[in-house]
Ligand SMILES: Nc1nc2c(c(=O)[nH]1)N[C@H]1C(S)=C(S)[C@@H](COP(=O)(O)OP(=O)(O)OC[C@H]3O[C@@H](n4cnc5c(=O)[nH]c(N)nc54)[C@H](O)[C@@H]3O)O[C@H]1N2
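Before any questions on how it binds or moves, here is one chain, the form predicted alone, in structure tokens.
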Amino acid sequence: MLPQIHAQSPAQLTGLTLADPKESAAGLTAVLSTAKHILEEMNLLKGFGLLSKLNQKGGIDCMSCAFPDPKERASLAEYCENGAKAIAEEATDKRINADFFANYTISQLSEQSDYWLGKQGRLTQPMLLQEGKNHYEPITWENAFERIAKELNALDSPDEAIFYTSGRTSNEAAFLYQLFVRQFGTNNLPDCSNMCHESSGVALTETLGIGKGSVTLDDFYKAEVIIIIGQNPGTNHPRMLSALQKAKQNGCKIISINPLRETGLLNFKHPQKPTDWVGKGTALTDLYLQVKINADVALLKALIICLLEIQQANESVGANAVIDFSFIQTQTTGYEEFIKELKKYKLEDLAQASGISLAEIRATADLLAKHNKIIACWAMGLTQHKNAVGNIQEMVNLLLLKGSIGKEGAGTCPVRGHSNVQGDRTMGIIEKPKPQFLDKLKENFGFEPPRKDGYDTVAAIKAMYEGKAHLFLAMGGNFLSATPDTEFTAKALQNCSLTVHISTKLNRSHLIHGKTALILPCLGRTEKDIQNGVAQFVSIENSMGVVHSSKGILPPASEFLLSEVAIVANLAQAVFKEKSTIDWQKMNENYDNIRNMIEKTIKGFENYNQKVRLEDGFYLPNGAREGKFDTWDKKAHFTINEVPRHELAEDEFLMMTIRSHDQFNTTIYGLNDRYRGIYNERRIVMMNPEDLNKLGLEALQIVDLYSNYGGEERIAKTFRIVPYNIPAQCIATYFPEANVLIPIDLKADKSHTPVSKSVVVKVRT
């Protein structure tokens, strides 16, 4: 019997120290942190050379967040602290070879922390874990492809295979991947978007006719008000801070809505401007509403009621209108029903539910009343609740009321996390493809693509758990640590006959495996991609719909690495042999050939190969940006959204999982959360000091966290209490450490996104 393999990072404390939260974000401290992370992974010359090309025109696109590049870029430092950390992780000089896997058993590796696993270096050659063994062993690429092909072709149905995708994958690799999967015969294409911004896509498609945001970066500089709700840009999208600083300098007012007072929303010192390093920096937020967890709909309804009261008062004295009735009458539907439903709420009750005082709500409404160039930005603080779609649609209601969509300086801005998560979806990485897209695949590639909907991420986990799916293949990502209900997901993966991970670095998903497992190492975005003797480039779509190129400059970390495109092409050849209607080798030899087929298949990519070579790339079509709504009636839709209610017992809390500052998604760069004053520890739980007193708990005390859904108790052990400025009966923990508490069946209505931001838990000693 093999030793136990741990699905969770071990519950080992590493020495917590606390300090006061920082007063401003970035500045000299960010510069020093950047240098530290670079020098830990490579020499100064190599690091400087990489950073000089990062986010430059014709250079390397950052593999971290998807915030857009400005047209005018700093010549030496067009990146943020998180971008530098991501570069350091990928371009590290550390290597994992066959000797590493010979020295460590899988069970020994599973006893290490996620941080330790990620710091071991780049994967350098294909590795096989045979059934019943406890060590990965080398395998040739040819044998790896043949083994996968044999397993795929032996399935009773193509739907017994799951093909997952991370948001790091390029447009070219994503398009080829979905093409291979659909010719194989399934739409089982879950991706990381299912776990983050799927709720945004559903909400915006229903109301505005497009599942993307409607603003450009230039709109930030022309906005009169920017609302940042359920987002922490200082840690998750640091490049956004410079855009906010510029907006403030242009006279914009910023409203921040978040359960935590985040440093990056309060004050910013531009790290590229030494003159900003001294002094107070730029104050960003004008009004900070520290809302309770998942009380956003209550707050938004309260603001809308106040706006309607101001409108009524203005009408009585002949003052300017604050509601854009012309826009509402000509470009929207559902307004009357929306207003009728709103009347059942009392302003005082909504204020109490939100945790925000009436005075603060009225001050915020007064500000909104004076302006109509309003941008709303959000991230997972809105998208990862059971009522997530309603959260976003209530935000859209507010914008529609003000006529703040389809005009300069106004609109919707879901800020995506991973660098090409939006591009993956555009390329067809989706479990529910539109018939028009499938028709184009049939027309251009000569096969009948499957029409039945596939599994999203949660459904894929359940299918593997229940024995309905037997093979799992992931293009990037850390599936186990990114998903909910860690132990349940682990059992699902272990039920598979084969698990395959296309990866650059070691992570916990490689250790929780099927009967047989493969690790296929691929090129990173920083590395030269030579195919048929010619250097290739790839393309990415950022959060605002700009498609642009990325080209690596480093020699590959190993002679055995293949590009993601080459891996897909070779796998397709091994699976289909001569039966395929597609010339996979031609696609691999020159990525222009892939882009030519994308151009023929997907609207908006006309002259793709020409436009992607422009320095600034090109914008994809966006109807909402132009005030054209691709809904069934060509109108924008007001919607009716219920106020969520969480009935908590005195000893219960509503938990949200968050990132630390030394983290991007599941990648752990370090053990510090500098802006929040939390150092050298990840197993922490932030609690309101008054809640500690009520329960007789103390600061730094070690506790366990429990959730109970459907009669099943889940436990996350060994967390230290950190007293923090957070609303009563709300707590915050880091993921993936607390993912074990999120039930697999607790998901958002319509979007099926795991409810990672509102889990009812108890704290026990």
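Just so you know, these numbers come straight off a predicted model, no measurement behind them. When you see a residue number, it is the position in the sequence shown, counting from 1.
Omitted here: the form predicted together with the named molecule. The next part is about that form.
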Practice task
Could you tell me which of 203 to 211, 666 to 674, 546 to 554, 140 to 148 sits within 4.5 Å of the named molecule in the predicted complex, going by non-hydrogen atoms?
Solution key: 666 to 674
Practice task
Identify, from the list Gly390, Gly411, Pro271, Gly381, the residue with a heavy atom within 4.5 Å of the named molecule in the predicted complex.
Solution key: Gly381
Exercise for the section: Could you spot which one of Thr516, Asn232, Asn267, Thr216 gets a heavy atom to within 4.5 Å of the named molecule in the predicted complex? Expected result: Asn232
Practice task
Please state whether all three residues Ile304, Leu350 and Lys750 have a non-hydrogen atom within 4.5 angstroms of the named molecule in the predicted complex.
Solution key: no
Exercise for the section: Considering only heavy atoms, tell me if Tyr164 and the named molecule come within 4.5 Å of each other in the predicted complex. Expected result: yes
Handout entry: the named molecule contact in the predicted complex: Glu172, any heavy atom under 4.5 Å
Key = no
Practice task
Look up in the predicted complex whether Glu394 has a non-hydrogen atom within 4.5 angstroms of the named molecule, and give yes or no.
Solution key: no
Problem - Partner proximity in the predicted complex: Leu260 to the named molecule, non-hydrogen atom cutoff 4.5 Å - result: yes
Practice task
Would you give me the residues of 745 to 761 that have any heavy atom within 4.5 Å of the named molecule in the predicted complex, in order from first to last?
Solution key: Ser756, Lys757
